[in-house]
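Just one chain follows, in the form predicted alone, and it is written as structure tokens.
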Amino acid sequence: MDKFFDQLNLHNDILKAVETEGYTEPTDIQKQAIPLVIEGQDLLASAQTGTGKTAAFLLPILNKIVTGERTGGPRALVLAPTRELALQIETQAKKYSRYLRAFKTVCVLGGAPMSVQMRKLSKPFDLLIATPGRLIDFMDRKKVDITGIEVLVLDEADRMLDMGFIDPVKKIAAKTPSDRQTLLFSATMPKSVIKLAEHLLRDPTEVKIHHQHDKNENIQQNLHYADDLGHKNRLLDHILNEKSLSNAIVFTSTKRHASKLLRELQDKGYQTGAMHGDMSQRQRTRTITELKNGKINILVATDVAARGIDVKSITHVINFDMPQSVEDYVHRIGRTGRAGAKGTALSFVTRGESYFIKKIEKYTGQIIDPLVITGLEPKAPKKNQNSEPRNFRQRRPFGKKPGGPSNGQNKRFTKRRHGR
């Protein structure tokens, strides 16, 4: 194990778990963030998924809890925007605390039975992981007490705000002690995140991590120009039969389209599952398990799966529909090329979406080259197309009406109108 972890003065049972996980050296975010968190500083960190940021906040939090006085109530709270991310954090917390006697983690999230979660909340525990909406439900029912929280973590804060959780986050934070330590992690730092940080953090230390996923250097990015929906379907059928494809995520823009595409692929004999917002947490968890154990190898998903899904066997990400933002594109393709592996990201782009590709290239600093499949070439753009904007109407001379007077008559009409 790297000397870095030994020098942190972490509890021996935490170090043992780190060694069991096979960590040989810290990631950049771990190297910079863990000492700051141990010192008790508030943290404003910019880091993408896949950087090891979960360990960057969990390891020092676990150490703080087990080396301090146990209260029976939660001493640390981690808020995550999606169910999948919350479950992923819970999984990591259990791995890092596997050798800690009597240490308990509780995870509450939507889409799962409240009664089961309520029973867990009624017993002593140390770490609470939650999605904002479900935690507010339990707070309103007075089933959880967060007045003893010493460390508050907001993971993927930009996504949290995109999903409309700013008011719930503020309400939750207001119920925690004002002298708490607050750690905010975000893949991007828009003004809304900076404003939230100013509201919740006290003199934070800023950490910004650049790594290979920022430029997705291990992901081959290409696009296919598609004429229409039928063309997209033919392209997808061809790609899914490529030998290099092992497991793939196919992203669609809506839940309805995800369900429709799922049925079409299943009818063609593909081993396919779906993931979207209308599914219960049990259904979504079962789908991910089936993907991991090989029961299915194609996942049709909306952007609910763009973050918090960590399946290392994903070889291809296919944007059947382009996302709404450049950031969502980056998070989608980040589902492949995990843990240093190579990955492929393909996008089906209509001619009218070319402007969005330019925005992605500007944001990532990479060129996305188009590919053409023999027999599935896009139609050539029509020549001599009117380049004027749609609905543009040529201004006609004052007083001129279709079928009206000639130009000379119009001039006389104009002079009379103005009293000349």
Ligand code: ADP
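Each residue number is its position in the shown sequence, starting from 1. Since the model is a prediction, treat every value here as computed from it, not as a measurement.
The following text describes the form predicted in complex with ligand ADP, which does not appear among the structures shown.
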* Please determine, with the chain shown alone, which of 347-355, 64-72, 44-52, 361-369 has non-hydrogen atoms within 4.5 Å of ligand ADP in the predicted complex. => 44-52
* Asked: Should residue 378 be classed as touching ligand ADP in the predicted complex when contacts are defined as heavy atoms within 4.5 Å?
  -> no
* **Proximity of residue 338 to ligand ADP in the predicted complex, heavy atoms at 4.5 Å** => yes
* To do: State yes or no: in the predicted complex, is some non-hydrogen atom of residue 27 no more than 4.5 angstroms from a non-hydrogen atom of ligand ADP?
  => yes
* Asked: With the cut-off set at 4.5 Å between non-hydrogen atoms, does residue 312 touch ligand ADP in the predicted complex?
  -> yes
* Interface residue in the predicted complex among 188, 88, 287, 117, criterion: non-hydrogen atom within 4.5 angstroms of ligand ADP -> 88
* Though ligand ADP is not shown, can you say which of 319, 221, 281, 92 has a heavy atom within 4.5 Å of it in the predicted complex? -> 92
